[in-house]
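The chain below stands alone, shown as structure tokens; this is the form predicted alone.
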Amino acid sequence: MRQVNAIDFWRGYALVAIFINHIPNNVFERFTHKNYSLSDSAELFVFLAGWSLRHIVGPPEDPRATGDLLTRLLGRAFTLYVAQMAMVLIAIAMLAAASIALDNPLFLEWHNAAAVFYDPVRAHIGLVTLSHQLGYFDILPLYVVLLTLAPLIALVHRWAPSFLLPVSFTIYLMSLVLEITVPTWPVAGQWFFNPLCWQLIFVLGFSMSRERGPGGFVRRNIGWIRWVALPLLVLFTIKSIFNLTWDPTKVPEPKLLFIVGKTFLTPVRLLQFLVLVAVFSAIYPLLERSVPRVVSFLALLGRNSLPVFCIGSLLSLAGQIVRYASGGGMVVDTMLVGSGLAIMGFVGWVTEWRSRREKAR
């Protein structure tokens, strides 16, 4: 088991926020940072995924062998793919069961699931190829794509590190200017998380984790970077709280460079997230001293992010169904969120307990 650290803590925080936010309109949702921020926990989750890539790649002075690196990364991508398939299958069964139990066929149309029930032949092909995604279950497909590309990212960084960020940023910029996206099928649309844009925040996380290059520059200058970031964060927070947005019909072309959008991870949203990270990365030592049990719990979730994320996603869907059936309210929401966090913690603990037993053998 790893020692408690900032990366696991913030990953655990992201998992909890995603769980709560995926039960819309519950009373605790208003306390998550998405209500005061242009970005949300999705950016943090992907950024930290890129940061964690450094542990697989290895340090510059002792990098992991190329063959081993490819095997580890592609194996991890396959594990995520299997988890996505299992999670979506269970979610579909939950919607079908809710439809029968509550005698309400509308559950079959929740979260883009209608095609699965009314056009199952094509929809199941789409599910397996990740071209058809259920709402609230669409971030893991992005993660699968990013980890599939991770060997290329790691090798470019190893052999031509100065090219990694410029190439990533060029792909990002072209996707914004030309509005290039990944289509969905059989239901016409686009991926909610456009991989061509979200790859940049993954690459930024990886680059910032390294001791050399941009990561080294940030570490050497983090003091004045935070002083510059703080007033920007205040301005972004005011903009978010009071919903001060530009009319998207009046901004110049290309519009995606000026509006706030999640699918394309638009520049305003990305900049706000980076400012948020610069400022709030300073508070972890204070939290570790003042609320060690909270920090330890969130780090437990973060260390076991995949099983915790999967169970959290399914618990969120269960929470949506329960709120629909019961009408919600403080008591219901408290029971849903409290029991959900307890189950997520239990899953994290069991995962580590099994790992310790296997090592002991």
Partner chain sequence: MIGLFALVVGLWLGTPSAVASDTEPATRPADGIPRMCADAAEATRTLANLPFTSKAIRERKKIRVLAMGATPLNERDQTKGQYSLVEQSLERTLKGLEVQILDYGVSGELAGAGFARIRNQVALDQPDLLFWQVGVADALALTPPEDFKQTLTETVKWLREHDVDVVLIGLRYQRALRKDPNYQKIRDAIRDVIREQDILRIGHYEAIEALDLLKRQDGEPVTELDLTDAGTNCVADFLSRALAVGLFGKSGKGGLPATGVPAAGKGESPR
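Numbering follows the first chain given and starts at 1. In this text, all values refer to a predicted model and were calculated from it rather than measured experimentally.
Another form, the form predicted in complex with the partner chain, is not on view; read the next lines as being about it.
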Practice task
With the partner chain left out of view, choose which of Arg220, Arg289, Lys250, Arg212 has a non-hydrogen atom within 4.5 angstroms of it in the predicted complex.
Solution key: Lys250
Fill in the blank from the handout: Checking Arg72, Arg158, Arg226, Arg122 against the partner chain in the predicted complex, the residue with a non-hydrogen atom inside 4.5 angstroms turns out to be Arg122
Exercise for the section: Using a 4.5 Å heavy atom cut-off, state whether Tyr81 contacts the partner chain in the predicted complex. Expected result: no
Problem - Partner proximity in the predicted complex: Asn112 to the partner chain, non-hydrogen atom cutoff 4.5 Å - result: yes
Exercise for the section: Indicate whether the partner chain has at least one heavy atom within 4.5 Å of a heavy atom of Pro105 in the predicted complex. Expected result: yes
Exercise for the section: Answer for Leu256 alone: is it within 4.5 Å of the partner chain in the predicted complex, judged on heavy atom distances? Expected result: yes
Fill in the blank from the handout: Note: the partner chain not shown here; in the predicted complex, the stretch from 5-13, 334-342, 349-357, 19-27 having heavy atoms within 4.5 Å of it is 19-27
Handout entry: Residues in 322-346 close to the partner chain in the predicted complex, defined by a heavy atom within 4.5 Å, in order
Key = Arg323, Tyr324, Gly327, Gly328
